[in-house]
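Consider the single chain below, provided in structure tokens and representing the form predicted on its own.
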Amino acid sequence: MKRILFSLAMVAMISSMSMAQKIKGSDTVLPLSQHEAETYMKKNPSARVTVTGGGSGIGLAALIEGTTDIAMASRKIKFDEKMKMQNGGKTVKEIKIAQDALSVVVNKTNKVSKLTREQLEGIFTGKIKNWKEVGGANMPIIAYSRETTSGTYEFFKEHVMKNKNYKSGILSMPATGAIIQSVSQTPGAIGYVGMAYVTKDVKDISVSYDGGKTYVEPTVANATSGKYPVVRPLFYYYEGKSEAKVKPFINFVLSAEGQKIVQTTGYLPIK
């Protein structure tokens, strides 16, 4: 009898372990994945999903090392990351789960409420150093950025700065929430975050991509309609051999219920 009970306990433990999943990566995707995981586990009591951030590069590195089941990313996987997977005998799978608008935020006391893409490029490359150069007060600009492992860092550099280098000495923050906090506490500050992170403690900026002819506010409606230009896809990456393990959760995220969570959490659904 003891042997039977031990065997049943082992089966239960193995089954529980097979249902456990680790998700790691993009701080942008983090709040969404946390909400999705909470709802998924309520519907599936035997499932265990743990979600941690750190940045897209951190998540993909963990996937390469085999220490996470799903990597969250706010950018596409790089060629060298894909090659590392292949060299390790692994096949990487990509799933687009949502879209996100990137918001530029300033301190609430800042009277500047709109900037062109060119002005943003100038601010983050260091060519524009004072708010008076863009219609604001005579006050030094303090620019905050994400760290280099962040997909948001790379997306902003590519799509807003047109691949120009960030200015020397830019203040790199380890997490998106840290940018919100720093900008809210610093009168001359500016930073960029995923739209879902924007709070009443900061002010978001309308952006022009046509040289100042039209400025568009970063709202869900404007991003969904295509009016707001700074929009990007969000991804899950996983190893092909883990498909049976991760697919139930991914399918939930892609379902009507999962995409409703995407919308209510402040992101843009893909369906």
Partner chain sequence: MFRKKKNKFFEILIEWMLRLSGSATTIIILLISIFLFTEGWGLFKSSTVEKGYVLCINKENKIKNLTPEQIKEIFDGNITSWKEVGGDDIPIEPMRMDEVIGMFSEEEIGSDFEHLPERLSDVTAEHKGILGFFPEQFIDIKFKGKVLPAETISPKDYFGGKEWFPTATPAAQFGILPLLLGTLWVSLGAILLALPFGLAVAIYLAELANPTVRKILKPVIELLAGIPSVVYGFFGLIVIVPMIRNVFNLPVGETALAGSIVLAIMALPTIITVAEDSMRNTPLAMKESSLALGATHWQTIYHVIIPYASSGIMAAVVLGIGRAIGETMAVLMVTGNAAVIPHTFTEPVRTIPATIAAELGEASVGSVQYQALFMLGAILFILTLIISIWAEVIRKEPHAE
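Residue numbers count along the first chain shown, from 1. Everything numeric here is computed off the predicted structure, so don't read it as measured data.
The same protein has a further form, the form predicted in complex with the partner chain, not shown here; the description that follows concerns it.
Checking W131, Y144, F155, Y197 against the partner chain in the model of the complex, a heavy atom within 4.5 Å turns up for just one residue: Y144. Shown without its partner, this chain lists V104, I97, A101, M173 as candidates; in the model of the complex, only M173 has a non-hydrogen atom within 4.5 angstroms of the partner chain.
Not displayed here, the partner chain is approached by N163 to within 4.5 Å at the level of heavy atoms in the model of the complex. The partner chain in the model of the complex comes within 4.5 Å of no heavy atom belonging to V49. Put simply, K167 is close to the partner chain in the model of the complex: some heavy atom of it is within 4.5 Å. Put simply, A137 is far from the partner chain in the model of the complex: not one heavy atom of it is within 4.5 Å. Segments offered: 215 to 223, 53 to 61, 234 to 242, 200 to 208. Contacting the partner chain in the model of the complex at heavy atom distances within 4.5 Å is 53 to 61.
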